[in-house]
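Alright, two takes on the same chain below, each alone as C-alpha cells: structure 1 and structure 2.
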Structure 1
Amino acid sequence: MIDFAIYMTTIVCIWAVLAISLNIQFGLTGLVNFGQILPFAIGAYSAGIASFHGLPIWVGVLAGLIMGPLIGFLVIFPTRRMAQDYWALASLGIAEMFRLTMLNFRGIAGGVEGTIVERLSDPRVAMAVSVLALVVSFIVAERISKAPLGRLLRVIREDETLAATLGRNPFRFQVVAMAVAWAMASAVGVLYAHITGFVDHGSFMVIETFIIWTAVIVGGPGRNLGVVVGAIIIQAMSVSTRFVAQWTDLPSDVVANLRLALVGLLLVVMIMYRPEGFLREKKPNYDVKS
C-alpha cells in the first residue's frame, strides 16, 4: 500500500506540473496548445539521447531545459500571425512529427525499441523530487499570475487588440508565457525519464495531451490550484481503473478503453454543468486609490 501511495504521488506531481504549464498558456494567456506533450517528450528524449550515446546525465538535463523553450519558440514564431485555431493545429502536428521521428530513426534514441535511462533507484527520492518540482512550478505560476505580467497576460487572453492599444506587443508576452511553460514541461520530462528508467514513443501519444487538457478543464482554467486538483482527479481515475483488470476477467485493452470513456464522460459533464471547473478562477480585485 505504501509503495502504491509513493507511485501515485510521484505520477500525480508530474502530471500536475504539466497541467500548470498548460494553464499558463491557455488559462492565463489564451494560447490553445494541442501539442503540450511535445515539451514533455523533448525533455524525456533529451535524457534518452544522452543515455543512448553514452553522455553524462547532466548533458541530458541541460539539453532538456534548453531545447524545450527553444523548440517552443521555433513552433510559435511561424504561426504568430495566424489565428488561434492554426496555432493549435500546428502545435498538434509538430508534436506528432517529433514522436514519429523518434519512432522511425533508431540512431537518435533507439527508435521503436526505445532506450534505457539511468533510473532513480529509490522511489522515495523520486517522489521527493517530483513533489519539489510541483512546489517550484506552482510557486512560479502563482508569482506570474499575481504579478503585473499576469494581469497583462489576462488582457491578451481576453483581447489581443486591446493589449496592443495599450502599447504592448502581445506576441512578446505570449513567447514569455510559452517559454516558462515549456521549460516546466521539459524539466519534468527529464525527471519522468529518470523515474521510469526508459524512454519510448508510446508515452507521448496525442491522447496524453488531451489528458492534460482534461485536467485543466476539470480543475478550473486560469487557477493553478484548480488544475492541480484536476490532475489529481484524472490520475486517480486512471490508476484506480487498472485494478478493474485484477478484479474482473476483462482484457487490459477493454479496461484501457473504459478508462478513456470515463475521462471523456467526466469532461462532457463538466463542460455541460460546470464549465469553469471545480475551482473557478478568481477575478482579481484592484484597489484604486483616489
Structure 2
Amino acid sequence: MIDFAIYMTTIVCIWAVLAISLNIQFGLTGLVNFGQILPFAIGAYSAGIASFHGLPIWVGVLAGLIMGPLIGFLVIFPTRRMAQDYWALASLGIAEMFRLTMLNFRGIAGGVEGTIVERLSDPRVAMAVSVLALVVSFIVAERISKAPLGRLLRVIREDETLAATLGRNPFRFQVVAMAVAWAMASAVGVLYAHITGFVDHGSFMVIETFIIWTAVIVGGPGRNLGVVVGAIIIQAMSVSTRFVAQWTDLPSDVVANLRLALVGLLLVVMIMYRPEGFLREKKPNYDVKS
C-alpha cells in the first residue's frame, strides 16, 4: 500500500505541474493552449531521443529543459497575430504534428515502436524529484502571480489592447509566460519518461491535454493552489474509482465506463454551476488613491 501511495504521489505531482503550467498560460495570461501536452512530450522525447541514440542521461535532461521553452518560442512567434480561438486550434495542430512526426520517423526515437529509457528504479527517489518539481513550479508560479509581471499578465488576459495602452508589448510578456510554463511542463516530461521507462507517441494524445484542462477548470483557473487541487481531484477520482468494482458486484467494464462518465459529469457540473472552479481566483483590490 505504501508503494502505491508513493507512486500516486509521484503521478499527482507530475500532473499538478502540468496544471500549473497551463494555468500560467491560460489562467494568468489568457492563452488558450489546446496543445498543452506538447511541452510535456518534448521533455519526454528529449529523454527518449537521448536514450535511443545512446547518449548519456544528462544530455536528455538538459535537452528537455532547453527544448521546451525554445520550441514554445518557435510555436508562438509565427502564430502571434492569431486571435485566441485560432491560436487554440493552432496549438492543438502543432502538438499533433509533433506526435505524428515522432510516430512516423523511426530514426528519431524508434517511431511506432517507441524507445526504452533508463528508469528511476527507486520509487522514493522518483517521488522526491516529482515533489521537488511541484514545489519549485508552485513557488515560481506564485511569485509570478503576485509580482507586477503577474498583474500585467492578468491585464493581457482581460484586454490585450488595454495592456498595450500601458506602454507594454503584450506579445513579449506572453512569450515570457509561455517560456516559463513550457519549461515546467518539459521538465516533468523528462521526469515522466524516466519514471515509466518508455516513450512512445501514445502517451501524448489529445486526451492527455483534455485531462490537464479538466484539472485547471475543476480546480480554479487563475489560482495556482486551485489547479493543484484540481489535479489531485482528477487523479484521485481516476484511482479511487478503481476500488469500486471490488466493493460492489458491478462488472469491471461497467465500472470502467462509469469512471470516465464521472469525470465528464464533474466537468459539466463545474462549468455549469461553478465555472470559477473549486478555489476561486483571488482578485485583489488596489487602492489607487494611495
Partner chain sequence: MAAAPVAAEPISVGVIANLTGTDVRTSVNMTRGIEMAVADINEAGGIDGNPITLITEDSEYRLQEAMNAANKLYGVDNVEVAIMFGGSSLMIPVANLAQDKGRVLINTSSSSSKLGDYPGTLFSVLPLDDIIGKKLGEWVAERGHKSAAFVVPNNTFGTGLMNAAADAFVASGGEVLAQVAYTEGNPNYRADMQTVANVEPDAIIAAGYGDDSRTIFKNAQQLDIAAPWYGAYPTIFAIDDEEWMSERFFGVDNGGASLKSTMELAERYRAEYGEEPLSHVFYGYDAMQIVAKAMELGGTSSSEIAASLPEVVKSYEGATGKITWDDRGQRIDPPVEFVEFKDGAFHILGTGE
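Computed from a predicted structure; not experimentally measured. Basically, rigid core = biggest C-alpha set you can superpose within 1.5 Å across the two forms. Reference numbering: structure 1, starting with residue 1.
Original post:
If only one of the two is the form predicted together with the partner chain, which is it?
Top reply: Answer is structure 2, the other one does not fit.
Original post:
2 Å or more on the CA of V59 between structures 1 and 2, with the rigid core superposed, yes or no?
Top reply: For V59, whose C-alpha is compared between structures 1 and 2 after core superposition, the shift is less than 2 Å.
Subject >> Core-aligned C-alpha movement of L225 between structures 1 and 2 reaching 2 Å >> reply: No, the C-alpha position differs by under 2 Å between structures 1 and 2.
**OP:** After lining up the core, report the Cα displacement of L258 between structures 1 and 2 in Å, one decimal place.
**Re:** That residue's C-alpha is offset by 3.8 Å.
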